[in-house]
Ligand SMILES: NC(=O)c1ccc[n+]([C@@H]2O[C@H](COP(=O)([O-])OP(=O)(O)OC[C@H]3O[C@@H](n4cnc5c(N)ncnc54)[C@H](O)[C@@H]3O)[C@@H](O)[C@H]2O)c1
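Only one chain is included here, represented as structure tokens and corresponding to the form predicted alone.
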């Protein structure tokens, strides 16, 4: 297959990132269709992306559009049903995380993927494609830091976007289900083992609106892995300086640190405030290259007839771990992760 014709479902903040990549930055791909329940988003696809086939219904796009594959960037609760429908329609599937809104729903997606082994299924854990994280993984595999035994992960959304977090909090599933899946996936990836136990805490100091809807502003959790390794997680929603993502992997012979300062670029401003490094404002900026590279891999897998390293089971496992973390917070107890 020389050119993969793709239809995208969902043109919100992240959907537009993927749509722009498919339309202009992915060799071997052509964005030929778009689906959204928001008329303004379809107008955007036509005027800004040059898409002619636009639909307000996902199943209609599957039935009528001239596409080989779909990119699902819709609300989380629709992912599994749309994965199932797209595979049944004979399309290759890219879907954003989370795979499903609970572990039981994830197993529906597993069965759908298993029933269509001739199709490429790709789950959007884009941090695995970020150049810095991939470099760290390569160094671990080379033995540069010896045997990794501890991953410390921090993920804090910017205070500037906290109103959106507050609005979403009542339906987010809680801070761990909402925010922890990328970090727990990276822990599994770097440590080469499965999490078997978790203890989690949560607190709110600045925005009582989170407490009022049963959620938390900040969470910390510690994981035990099957091989004896440990994971430490810090997630939050109120970084005053911008979008803060930091990961440290500690091994028997050394340590790797990724993004200890969430810098916007390599420029530094010297003024009355001292030496100032500007920070990235959000995930589309921090992981712009990762989003492009993961979509390129999806298209290359289709064209070359191979499967990606990330599987549907990685999505299920991340969901199981985040749900166990949420249970630990709720029950004030150590929770087993089966």
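Positions refer to the first chain, counted from 1. Not measured: the values here are computed from a predicted model.
Heads up, the form predicted in complex with the ligand isn't pictured, but that's what we're talking about next.
- With the ligand omitted here, the record of contacts in the model of the complex names 89 to 97 of 149 to 157, 234 to 242, 187 to 195, 89 to 97, defined by a heavy atom within 4.5 Å.
- By the criterion of a heavy atom within 4.5 Å, residue 128 is excluded from the residues contacting the ligand in the model of the complex.
- The closest heavy atom approach of residue 13 to the ligand in the model of the complex falls within 4.5 Å.
- Proximity of residue 216 to the ligand in the model of the complex falls outside the 4.5 Å heavy atom cutoff.
- Taking the partner from elsewhere, residue 75 is found to have a heavy atom lying within 4.5 Å of the ligand in the model of the complex.
- Of the residues given (53, 300, 41, 278), 41 alone sits with a heavy atom within 4.5 Å of the ligand in the model of the complex.
- Using a 4.5 Å cut-off to the ligand in the model of the complex, each of 36, 79 and 182 places a heavy atom inside that distance.
- Contacts to the ligand in the model of the complex (heavy atom within 4.5 Å) from stretch 187 to 211: none.
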